[in-house]
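Here you get one chain, nothing else, as structure tokens; it is the form predicted on its own.
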Amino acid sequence: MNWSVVILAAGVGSRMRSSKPKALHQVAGKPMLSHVISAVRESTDADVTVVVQPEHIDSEEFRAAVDANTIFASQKHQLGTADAVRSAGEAALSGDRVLVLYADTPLIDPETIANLIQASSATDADICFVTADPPPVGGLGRIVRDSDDAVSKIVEEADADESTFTLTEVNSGWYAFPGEFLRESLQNVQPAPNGELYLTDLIEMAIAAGRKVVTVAAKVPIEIIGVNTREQLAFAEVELQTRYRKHWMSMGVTLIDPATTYFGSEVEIEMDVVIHPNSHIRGNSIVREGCVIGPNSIIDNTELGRGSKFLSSFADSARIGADCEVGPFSRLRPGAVLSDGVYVGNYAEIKQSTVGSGSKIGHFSYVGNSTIGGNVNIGAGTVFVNYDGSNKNHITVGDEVFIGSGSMLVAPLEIGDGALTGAGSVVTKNVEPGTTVFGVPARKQPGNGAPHHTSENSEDASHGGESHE
């Protein structure tokens, strides 16, 4: 059976009081529309059409919120939900069955979508739609049933009398139709007093004609809420975060304070990870087994290797190896790659740089556009001077290099294996392997090469070298 999905995303969303289209407001780090698309993709491989306002057809923001297989159609005039479905176009409505959803329902559960599709196919109903009981919020149409428990009508809350308000089953607005019935019925919807065409009229038309109408219960009532205000947006965020916290704890992740731990919908976390309060893991981040995160940490689109510790720091689009230690108060910017066993202490910033295994960047340093070898010690206050006003230039640091505190490494630059820079040096020329340089500008130390400096506690008054401690 050929299914197609229509998602309505052309609403103005005036109650959000925002220049941003309502469907693009984010919950748990991604647009509401993206949550709906994800739920659909988990439930069916049907073609998806998103109905938007004409000016959003070529919107980069809307394109970024969906996958490459999503089609866009425009609703030229805001004439109601039935008009919006009709605006999806012939291709979207030509399937054997059509599923209609809304872009402002980020709590929608893939299982409910699958149940709706299955019920529609199994019962051969002319209309199959999702209901919830009890109502998760106000403002939803009440379901009225006859003595045989069949749906007899839907009464909007504004039109409900006292007896109708005692009914607790409400309409979600999520429908499945046979394509032929939908195409024919949309042509017969009459305008309401305000001039709009409502999709709910199809239910009354079907019941009046003796057509088959069945319902499917939402997995949980709260999933059907539509977000129309900032308050409802915050409510949806709390609900999704609650789901994510329960999920990760069930998968063997320790949350010291669940209420102050936040997750994106796409993250991956292995077991025996410990997350301390006020920490955020978002984007496409991956956290491997045995890591310790936080408190007060942000990990965004970053991979954290097995057994690493990340304390009170921020990582954005970085890759951290196994058994690393970062923080507190350090920042890994895009392109930062830490090999296994790297130590980054407090107030360090690293971007577009690869740091070799066992290297140490203790404190108050900036490392940018560089390749750093293994077992390198970078002293406090070191700056990789990589920008000349026009270009970002590269610095290469070999293995077993010792950079003294307060050194300025001016790119482009190469420092050979086993070299050493004295404290406060301004290094502007390449340094040969095993050489000691010091001064402003740095020059080679007379006599032999660099003294032995492999001890973590090495400190020599002649060159001011300092370990990471």
Ligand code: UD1
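From 1 onward, residues are counted along the sequence shown. In this text the structure is predicted, and so the values were computed from the model without any measurement. Definition used throughout: the rigid core is the maximal C-alpha set that superposes within 1.5 Å between two forms.
There is another form of this protein, the form predicted in complex with this ligand, and it is not shown here; the text below is about that form.
Even though this ligand is not shown here, does it sit in the predicted complex so that Ala10, Leu140 and Tyr198 each have a heavy atom within 4.5 Å? Result yes, every residue of the spot touches this ligand.
Gly173, Gly374, Gly179, Gly290: which sits within 4.5 Å of this ligand in the predicted complex by any heavy atom? It is Gly173 that has a heavy atom within 4.5 Å of the partner.
Check each of Ile361, Leu304, Ile281, Ala84 and return the one that places a heavy atom within 4.5 angstroms of this ligand in the predicted complex. Going through each option in turn, the one that passes is Ala84.
Taking the partner as it appears in the predicted complex, which of 73-81, 295-303, 281-289, 347-355 has residues with heavy atoms within 4.5 Å of this ligand? Correct option: 73-81.
With a 4.5 Å heavy atom cut-off, would you call Tyr102 a contact of this ligand in the predicted complex? Yes, contact at 4.5 Å.
Is Ala236 near this ligand? Define near as a heavy atom within 4.5 Å, in the predicted complex. No, no contact at 4.5 Å.
Proximity of Glu156 to this ligand in the predicted complex, heavy atoms at 4.5 Å: The answer is yes: Glu156 has a heavy atom within 4.5 Å of this ligand.
Does this ligand get within 4.5 angstroms of any non-hydrogen atom of Thr396 in the predicted complex? Thr396 lies outside the contact set for this ligand.
Output the sequence-ordered list of residues from 11-33 with at least one heavy atom within 4.5 Å of this ligand in the predicted complex. Heavy-atom contacts within 4.5 Å come from Gly11, Arg15, Lys22.
After fitting the core, Asn194 CA displacement of 2 Å or more between the shown form and the other one: Comparing forms between the shown form and the other one, the Asn194 CA shifts at least 2 Å.
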